[in-house]
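Given next, in structure tokens, is a single chain: the form predicted alone.
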Amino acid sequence: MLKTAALLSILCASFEFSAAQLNTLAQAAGKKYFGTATDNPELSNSSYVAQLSNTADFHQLTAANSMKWDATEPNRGQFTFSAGDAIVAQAQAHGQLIRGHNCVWHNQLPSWVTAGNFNNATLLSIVQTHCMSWDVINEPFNDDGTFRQSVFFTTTGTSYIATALRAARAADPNAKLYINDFNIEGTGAKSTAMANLVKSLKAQGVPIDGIGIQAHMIVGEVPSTFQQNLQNFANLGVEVAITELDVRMTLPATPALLAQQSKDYQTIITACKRVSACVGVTLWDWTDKFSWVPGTFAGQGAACPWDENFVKKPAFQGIVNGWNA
């Protein structure tokens, strides 16, 4: 029996693809970029790096892990940016934009933060010192719209959010400051909570430039309210961006699943195109070879527009169709 990767390559090899380039199409549609996440171990793969450097497809890179708190401040006050700098150097060498990811998140924290038993004032001071720019606040909400019980919320309430955003603005006045979350693709309790938070921050004069919609989707489950939700966020007076896009399926991949995945990518891209404040789209890596999905969701995968052998899938054409819609 053929392995999933081999079967996928056979299925995709028989599909005719447009010669169009994804970032070229995005910018022609008035967007700032089409981009992808990447990670340091991947930079040792020359074939991968060759495509990563293709600016006609990718005008923006996000460091998947090497700019997170555990990587940049493993010990209090001791900062290291070598891994993140490698991603920045890769982008700069090809004139690509960088999205910093991320400053404050409940995961991938060093133990000195989670087990430090800091009081409110001390933890806010730590947040202020750490935050520099980018996806400043990552995943602050539970799916029901309540605030996640992170070390930051349980110690400071919501004060850490304003502190982080103000610190990021002070560190880099030119950076775009975002709050980023998942399961806010369609309307619902979590999207409403995000909108209310942004309204509150703006009313307090706290700097906030955009909302990041992660868009880790499942084949056939793109919300019907996706475009309307993007517009609802835009109506708050902020940018929106699709920041971590992939569309996973239960394996093995089949022609029917790949066809639906292509339609789902098209729906998502079309929505961004039609909302003027949607400034760009970032894949959460462009190839199944380095996708996070199989390691997190057992039995699922094939989430990216290129397969494990760097062969374009029907999803690639779905993206093209979305920009051309």
Ligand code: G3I
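Computed from a predicted structure; not experimentally measured. One-based numbering along the sequence shown.
Quick note: we don't show the form predicted together with this ligand, though the next part is all about it.
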(message) Whether Lys32, Phe58 and Asn324 jointly form a contact site for this ligand in the predicted bound form is the question; each needs a heavy atom within 4.5 Å.
(response) no
(request) Let me know the one among Arg169, His216, Lys190, His130 whose heavy atoms come within 4.5 Å of this ligand in the predicted bound form, would you? (result) His216
(request) Counting only non-hydrogen atoms, choose the one of 284-292, 255-263, 44-52, 268-276 that falls within 4.5 Å of this ligand in the predicted bound form. (result) 284-292
(request) Consider Asn119 of the chain shown here, and say whether it contacts this ligand in the predicted bound form, taking contact as heavy atoms within 4.5 Å. (result) no
(message) Can you work out whether Thr146 and this ligand are in contact in the predicted bound form, taking contact to mean some heavy atom pair no more than 4.5 Å apart?
(response) no
(message) I'd like to know whether Asn107 contacts this ligand in the predicted bound form, with contact meaning heavy atoms within 4.5 angstroms.
(response) yes
(message) Test of understanding: in the predicted bound form, would Asn65 fall inside 4.5 Å of this ligand by heavy atoms?
(response) yes
(request) Pull the contact list for 220-259: residues with a heavy atom within 4.5 Å of this ligand in the predicted bound form, in sequence order. (result) Glu244
